[in-house]
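Listed next as structure tokens is one chain, alone, in the form predicted alone.
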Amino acid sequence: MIANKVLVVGAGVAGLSAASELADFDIDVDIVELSDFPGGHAIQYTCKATDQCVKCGACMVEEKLGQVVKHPKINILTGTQIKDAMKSENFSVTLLKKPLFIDPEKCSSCGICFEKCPENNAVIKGNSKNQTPFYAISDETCLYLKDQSCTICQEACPEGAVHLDARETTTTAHADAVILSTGFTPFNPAEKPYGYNRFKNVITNLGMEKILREAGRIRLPSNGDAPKSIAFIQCVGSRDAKSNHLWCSKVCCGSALRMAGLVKARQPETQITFFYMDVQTFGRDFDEFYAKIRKEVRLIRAIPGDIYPAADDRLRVTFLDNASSETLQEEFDLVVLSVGMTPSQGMQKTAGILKVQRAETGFVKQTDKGGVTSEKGIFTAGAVSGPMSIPESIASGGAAAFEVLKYLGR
């Protein structure tokens, strides 16, 4: 049998799933990931189980990542992007890899560099035990990379794993097929009238996922106290004509309501309000879950117009009461914005290099075969072609792997 090799662009759950499936068929796989850690956005999500599993899919991401990092047929290249690509009989791809400031062979993930660094976010911490090394150095905020004024992390590392003078490298990879799985970019709500980046106690659903994953309980960013009241606002950047984002991101309702249920289970004294256009169904047990959550969470069918600061870092939310047609105001300790999925920022350049067409939405255009692009030998998986949940992304990755196997005659 002829040895085959596949290049997977993007190490989110869809890319991990496709790589795992292909590797199990004895195919060598290179995964190219732009960020410092594999796992995509979903590796930051928390398990939302209360007294029983609510099928959020977070555990599935950890499982997939664990399978991939241990698989001998898979090579993960983090901090790497496609610079150029050519195709004759197979693909020849030029890869640009950012400087490897922390040597994964030497790093023991002790965390001393993270603890000693004087600059916020200059040393970045991972989100999973399966991310090795567990720390990375930001080329945007590191003081040494700005003006060579600080070498504390390098001097403090007991393993000698930190090399601040590392340089970027260029390599060439060859592949018989390419899977494009660069995922999505969360909508930035800074321009919306909700005070994001201005009011300390306005966060996104992704920020809340990370807090719950790391701490298990919700605390106010302003003072660390437990919030007495939380407002979830849905469809921020989705179904939004002003932003030309007319699509539904599909997963926001399920994610927010599951998080609301988790908070109520762990912090039952917290009052939660859920502002929405309409609730998208999710999962086979939706009716049972929804009936339960309606008893725990106040649901208001309205999207707030503005948020203003109130005393003690509280937030005054204005919204239209549909019953009376009056504008009402209510104060909350914490506001969580459920931001939509938008096309991956780095995907536009990559799609151009690979000559892959994009739809009017900005997501990669699909053919009638689903995840297969119009370019021969290039396939898509996951949210690169539109919003998907974790289970849908995993299934999409498996479908892409199946199409690749057929393409390779396997």
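Each residue number is its position in the shown sequence, starting from 1. Everything numeric here is computed off the predicted structure, so don't read it as measured data.
Here the subject shifts to the form predicted together with a small molecule, a form of this protein not shown in this document.
Asker: Three residues, 183, 251 and 350; all within 4.5 Å of the small molecule in the model of the complex via heavy atoms?
Answerer: Yes, the whole candidate spot contacts the small molecule.
Asker: Only one of 205-213, 126-134, 285-293, 300-308 has heavy atoms within 4.5 Å of the small molecule in the model of the complex; I'd like to know which.
Answerer: Looking at the other structure, the answer is 205-213.
Asker: For residue 80, is any heavy atom within 4.5 Å of the small molecule in the model of the complex, or not?
Answerer: So residue 80 counts as contacting the small molecule.
Asker: Closest heavy atom of residue 11 to the small molecule in the model of the complex, within 4.5 Å or not?
Answerer: Looking in the model of the complex, residue contacts with the small molecule include residue 11, since a heavy atom lies within 4.5 Å.
Asker: Under a 4.5 Å heavy atom criterion, is residue 398 part of the interface with the small molecule in the model of the complex?
Answerer: Flag for residue 398 set to no.
Asker: How about residue 50 - does it come within 4.5 Å of the small molecule in the model of the complex, if we only consider non-hydrogen atoms?
Answerer: Contact with the small molecule, no.
Asker: Among 346, 66, 377, 362, which has at least one heavy atom within 4.5 Å of the small molecule in the model of the complex?
Answerer: It is 346.
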